[in-house]
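Just the one chain here, laid out as structure tokens, in the form predicted alone.
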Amino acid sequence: MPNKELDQTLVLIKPDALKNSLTGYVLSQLSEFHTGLRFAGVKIVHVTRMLAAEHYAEHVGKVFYDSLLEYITGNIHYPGAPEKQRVIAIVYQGPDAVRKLRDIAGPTNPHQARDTKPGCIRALGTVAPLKNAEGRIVGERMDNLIHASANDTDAEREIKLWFRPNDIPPAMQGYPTRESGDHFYFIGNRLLTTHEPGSVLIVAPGDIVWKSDLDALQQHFNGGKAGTTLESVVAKYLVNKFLEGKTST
């Protein structure tokens, strides 16, 4: 029987919540007192374009996709201020984690949240119109303060996208890990096992990595069919690194 104490979900406190000084409010609403859940991992992330694109991959081609990337990377709420562009990424853990946090977060659309679940976190958000080059409204973007994983499958994918195993205490890791026996480097969307000038070390021998990530790295390097993109594995290793001129982020 699965250990329900290891149920996990990802929460992102987004740039609009940070700009409006709602961090304390959000954390209080998601506290162990209210949810019965506990922190398993927390980090402050300057979101790269690669990480943003992988997080929102399901929305590629939609009218609001580019705006979503600008939103989560902080370019909309903190234009020209990279020192302020960040999100707070949190892994919450405990029985029924996904459902509990989705319930407290509320509906994705802040207007719907105010109408159907007043008092939820997203009821404090806004809906921003999107305009084309001619100034005509073509869609909308939900500035809804936080992200919470929609289901257990999404939670696993998102936690592995944003967190390395060693960002989470070993006893609180909810997914299988493995020790790497190889070096893996990344440069210009290429995976290497030996260093080239300008390449970034992703994994070294002895590092503990998600088993699914190590499988994907080996498959990508050997030219096999991997179940996930190389960028979805690599993105978390490039978080908060200075990479200008070295690789695509």
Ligand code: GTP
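What you see is a predicted model; the values in this text were computed from it and never measured. The numbering used is simple: start at 1 and walk along the sequence shown.
Beyond what is shown, the protein has a form predicted together with the ligand; the following relates to that form.
Contact with the ligand in the model of the complex, judged as any non-hydrogen atom within 4.5 angstroms, is confined among 216-224, 61-69, 197-205, 23-31 to 61-69. For a residue to qualify, one of its non-hydrogen atoms must sit within 4.5 Å of the ligand in the model of the complex; none of Asn3, Phe39 and Asp96 qualifies. Among residues of the shown chain, Lys14 is one whose heavy atoms approach the ligand to within 4.5 Å in the model of the complex. Within 4.5 Å of any heavy atom of the ligand in the model of the complex lies no heavy atom of Thr177. Heavy atoms of Val87 never reach within 4.5 Å of the ligand in the model of the complex, leaving it off the interface. The ligand is not shown here, and in the model of the complex it never comes within 4.5 Å of any heavy atom of Ala155. His147 is the sole member of His77, Lys160, His147, Lys100 with a non-hydrogen atom within 4.5 Å of the ligand in the model of the complex. Contacts between 196-213 and the ligand, taken as any heavy atom within 4.5 Å in the model of the complex, involve no residue at all.
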